[in-house]
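First, one chain by itself in structure tokens, the form predicted on its own.
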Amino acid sequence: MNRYRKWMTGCFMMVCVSFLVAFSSCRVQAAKLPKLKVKGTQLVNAKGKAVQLKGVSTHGLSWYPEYVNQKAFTYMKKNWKINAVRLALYTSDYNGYCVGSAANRKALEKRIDQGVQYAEKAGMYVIIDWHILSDGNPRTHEKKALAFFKRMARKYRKYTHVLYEICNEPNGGTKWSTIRTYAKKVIKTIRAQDKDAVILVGTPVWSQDVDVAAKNPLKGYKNVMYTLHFYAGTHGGELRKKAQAALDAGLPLFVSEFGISDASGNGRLNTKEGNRWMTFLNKNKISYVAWNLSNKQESSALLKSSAKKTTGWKTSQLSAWGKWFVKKTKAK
């Protein structure tokens, strides 16, 4: 009889432990975010309702990796009211993906994977950003881009919260026809693995000439948007005219990087022009991502250079730009 009781007690305990483990895993497993798509000029949800992503971009993943952590992402979602994060994978600058060693590439891909998982658990969308800059022409590292996006799309094809930005800021005289040729190849590569993920395509002149792209957009592909970048200290009404022309032509825009400093990422902040830009973005339900999550000593860093924490920042630890941005994202 005693052995029977012990056996029953043991079975009961095993069932309880199994239940608790299952219940615990359910609690920490984040629910999948609704898959997004593009309809007309808008980013929309499954019901066709316009969605506006409001996010933050990391700085280079090689340079400031410490900010890619679960506590930071969860904190920003809860306290800054953002719903997206951009992982800036430099291709050439700052020990970039295309110029470093195989070990460096492996480390960067691991960091991206961590960012994807952290974003999902925090309930945020994530943009995997192929951050060309000094390399100017996206075709410079085209083969590596194709291989990279093939791996990423295969790995994350079942993740509903992942977006792909395939060329950050084409520059140096790179024409739209060149970007268009590159984009068609990369999009085809992604679509072979993932038929639906939203893809962001850079535009000429540091992603400013959206009106040029609007005259000859990519055809035959769904869920494609075009990036517009601005810094309010340099870019004002003239660039908004370009953006409006692109919208009028039916081009879907996504502001995957912006700030209110000058275009160098430094200099004085122009809050007046910044307010005009925010009015424009909100009126047109255009998603936007702020540059950048770091304590770099420059105007476009969201944190003060004296801020050493990697999460849980007090308002006093935010830069003037960081305070302005958080106030905007928290506004209803």
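Just so we're clear, the structure is a prediction, and the values are computed from it rather than from any experiment. In this text, residue numbers run from 1 along the sequence as written.
Same protein, other form: the form predicted together with a small molecule, not shown, and the subject of what follows.
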With the partner omitted here, the residue among Glu142, Asp248, Asp196, Asp93 that in the model of the complex has a heavy atom within 4.5 Å of the small molecule is Asp93
Taking the small molecule in the model of the complex as the reference, which of Tyr97, Trp130, Phe149, Tyr231 has a non-hydrogen atom within 4.5 Å?
Tyr231
Stretch in contact in the model of the complex with the small molecule, which is absent here, among 239-247, 162-170, 213-221, 68-76 (heavy atoms within 4.5 Å):
162-170
When the contact criterion is heavy atoms within 4.5 Å, does Asp135 count as touching the small molecule in the model of the complex?
no
Contact with the small molecule in the model of the complex for Glu273, defined as at least one heavy atom pair within 4.5 Å: yes or no?
no
Give a yes or no for Asn284: in the model of the complex, does one of its heavy atoms lie within 4.5 Å of a heavy atom belonging to the small molecule?
no
Residue-level contact is defined here as any heavy atom of the residue lying within 4.5 Å of the small molecule in the model of the complex; does Ser300 satisfy this criterion?
yes
